[in-house]
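Encoded as structure tokens, the following chain is the form predicted alone, with no partner shown.
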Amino acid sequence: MQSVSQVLKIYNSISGEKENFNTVTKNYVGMYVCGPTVYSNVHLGNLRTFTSFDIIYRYLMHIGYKVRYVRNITDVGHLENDEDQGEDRISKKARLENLEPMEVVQRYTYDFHETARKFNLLPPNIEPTATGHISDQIKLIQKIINEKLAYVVNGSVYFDVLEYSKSNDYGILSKRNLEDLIHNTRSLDGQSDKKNPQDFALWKKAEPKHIMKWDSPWGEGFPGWHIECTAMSNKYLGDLFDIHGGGIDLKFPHHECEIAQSNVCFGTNAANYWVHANMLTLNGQKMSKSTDNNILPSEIFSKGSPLLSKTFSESCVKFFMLQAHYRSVLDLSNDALLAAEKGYNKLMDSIEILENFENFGDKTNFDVKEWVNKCYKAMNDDFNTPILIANIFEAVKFINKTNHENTSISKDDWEVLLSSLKSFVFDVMGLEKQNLAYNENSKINDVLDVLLELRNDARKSKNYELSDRIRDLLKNKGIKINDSDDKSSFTIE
């Protein structure tokens, strides 16, 4: 259905420009996205990243590409500090909770899959794990050693960044200058094995207490975080593939290191297009557990949070995320979600009106073909969902006006408008209609909002007996009231 005159453009982080999308193999796309490190519940920042690449995946298939989408699970090797410091995140969680590391992996992989399913994210074609590809990583490490661009010290193996930089551009992605990195890097405790602080681990020697370890030519240990993705992307997509994606926080050092490894092993940058989704903030600030400026998906969808006045459906939150371009910083707030919910409900109502429309005539006062073309133009401009949504609401305005004024639409235009609208909303954006259970839950939220408003009025008039009674009665029903200076919210316990 896409206009042949249009060309898909994708912003490439390496060039810093939008580029025409040309695939390595005609009509086929290989896409690798760095998946979660499964040591905790998936957070909203992760969810935004994976939503961005879900839209990309959906749209590429929509316009006719056959896509192999690979998204890994990191279940070993990701240390607390991204620059080879600290404890393995999964091992630390296992130690703190007195669990086997694979129990931690299983618990949080399940949480990730459940959250992705609720958010209607399509599963990847292949979902490899780092622990399932140890031998592949060892082979690549040995190859880098053979090229004299890695060295072994006390059972650990490090990539020699300075040696690599003599004939390669370390910083091609992040645009960081190696001389500046050297100047700004201080000596760190526990890093004495490295020739230079900029060098990164390909293989780490395991201490006796370390649970997750494997045999290697250099002794017992575990792989570095960066080599894992190089091994898995190469195994399933080859020496050069089309798109490598992830959150913007992975640009450096993770993706920069991947490019360096791929250049040594395969003579390529791994992918032709490096694509990064931007951050999600909360109430204008970076999300942080230490400052309580943090919220989990489950708190938005069902449990409730002191930071929100109510719960919101998964499709509403997804619709909110798509109103910003994937490369823009997006700020989540209660007001923003409330506005998104209104827009989402208006959209769903309009689709229902169009589905049940019966007043057909000879002509339509709306250029449907031009509207369809504008929708494709938006998505072909680096997957611009905000412009797509703006175009969709032009159609919503027309549908509501037509319904209100009882004017007609030609049968042909109605069929194209309905099929295109549903295709963009449900197939490309991956939104879903709210089910009956959620609508009932939404009504309950509305009732609670009324109770909170009455209670706030009682507090303002200093009728503390009534306000306390409402609070206590709700608490007995498992609903906790969270009071602030200007308003209250509720949490379902």
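Just count from 1 along the sequence shown to find any residue number. All figures in this text were calculated on a predicted structure; none of them were measured in a lab.
Keep in mind the form predicted together with a small molecule is missing from the figure; the text below concerns it.
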The small molecule in the predicted complex: contacted by all of 37, 49 and 287, heavy atom 4.5 Å: yes
Candidate stretches 91-99, 348-356, 124-132, 273-281 - the one whose heavy atoms come within 4.5 Å of the small molecule in the predicted complex: 273-281
Partner contact for residue 430 in the predicted complex: the small molecule, 4.5 angstroms, heavy atom: no
Residue 381, heavy atom within 4.5 angstroms of the small molecule in the predicted complex: no
Residue 43, heavy atom within 4.5 angstroms of the small molecule in the predicted complex: yes
Close approach of residue 253 to the small molecule in the predicted complex, 4.5 Å, heavy atom: no
Answer option from 299, 331, 239, 249, heavy atom within 4.5 Å of the small molecule in the predicted complex: 249
Residue among 194, 78, 310, 204 with a heavy atom within 4.5 Å of the small molecule in the predicted complex: 78
